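Starting off, we have a lone chain in the form predicted on its own, written out as structure tokens.
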């Protein structure tokens, strides 16, 4: 019987429902969501599969235990009592990092030191040893204490899941790959529809869409911290990677379109797409948004245009939104998705969105404005399931 492991996929605020649906699609239905994380039940193979496949999550963690924490003596005892020997071998390297928010145990260096000592005491009892050289595989211990509730976790991922490996350099205001993938997953785009990003910058949204269109696992070409763990066999990783390779699809019906007015960032975007293995799936073009013309119907625009706080200034952003209204107006069958932090976007774009969703670009609070075009005649409304109820949509009457 497969081992039942409690796992946590962390995410940016606002993307919990997207991660939840990804996990559901991977077959992990026993789950619940909280702010910034989705907890679910999996096994050893799930650790491999989720690291390879999750597009919008930040990282994957093993939950070793959780409990109330009000003083260091009690905290030490409860950490020591956790089953660390089930995860940490006798030679494990186990650095500890920690954070505390609105809790009585708030001095993070002390939390880290006490945690490290308690784990060592636990391993001494398990292995009948008084000293651990920590020369083996790394198990990064993470402590999270929020409102006096402690979580003890082990990171399986290493560098965050947004580190796909294709973006060596980026533009002035890069959109994180996990966020870009979420924008696509929230939208109605699929491989049978035309895709366009008219403010593509370094190409991240288009590249993530291309990988989704190909059903290519975003982590297929990278290494994960847990690959050296004895709990995960070579057969686990071989099975997960062979499965991912077998599920890759051919090219979408249309080449994805990405444009920008900056030749430099277009060259960067093209280089990133080639590095990602998507160079043949995306057509890059130098173009002002007002030059946009197409006879295709039922396409999807997903874009992150300049919005003042990150690029240019608020006045130039306002001009861009006005141009977008003129350019997108004739596209009556298209669906349009725009991520921006500009408070006056709907007014400047001259149209109220069908739906808005609060998301974050780094630390900047944004809204994801969604203008839903008609359903193509070859699709059914039921073809795309709704997000779960914790989607964080904002009522239009607010």
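Worth saying up front: this structure is predicted, and the values here are computed from it rather than measured. Positions refer to the first chain, counted from 1.
In what follows, reference is made to the form predicted together with a small molecule, a form of this protein that is not presented.
Visitor: Among 74-82, 285-293, 130-138, 221-229, which stretch has residues with heavy atoms no more than 4.5 Å from the small molecule in the predicted complex?
Guide: Result of the contact check: 285-293.
Visitor: Looking at 278, 265, 123, 151, which is the one with a non-hydrogen atom within 4.5 Å of the small molecule in the predicted complex?
Guide: If I apply the 4.5 Å criterion carefully, the residue I get is 265.
Visitor: Considering non-hydrogen atoms and a 4.5 Å limit, which listed residue (252, 98, 306, 299) is close to the small molecule in the predicted complex?
Guide: None of the others qualify; the residue that does is 306.
Visitor: If the criterion is a non-hydrogen atom within 4.5 angstroms, does every one of 175, 202 and 320 touch the small molecule in the predicted complex?
Guide: Every residue of the candidate spot has a heavy atom within 4.5 Å of the small molecule in the predicted complex.
Visitor: Mark residue 142 yes when one of its heavy atoms lies within 4.5 Å of a heavy atom of the small molecule in the predicted complex, and no otherwise.
Guide: Residue 142: no contact with the small molecule in the predicted complex.
Visitor: May I ask you to state whether residue 260 is within 4.5 Å of the small molecule in the predicted complex, using heavy atom distances?
Guide: Residue 260 belongs to the contact set for the small molecule.
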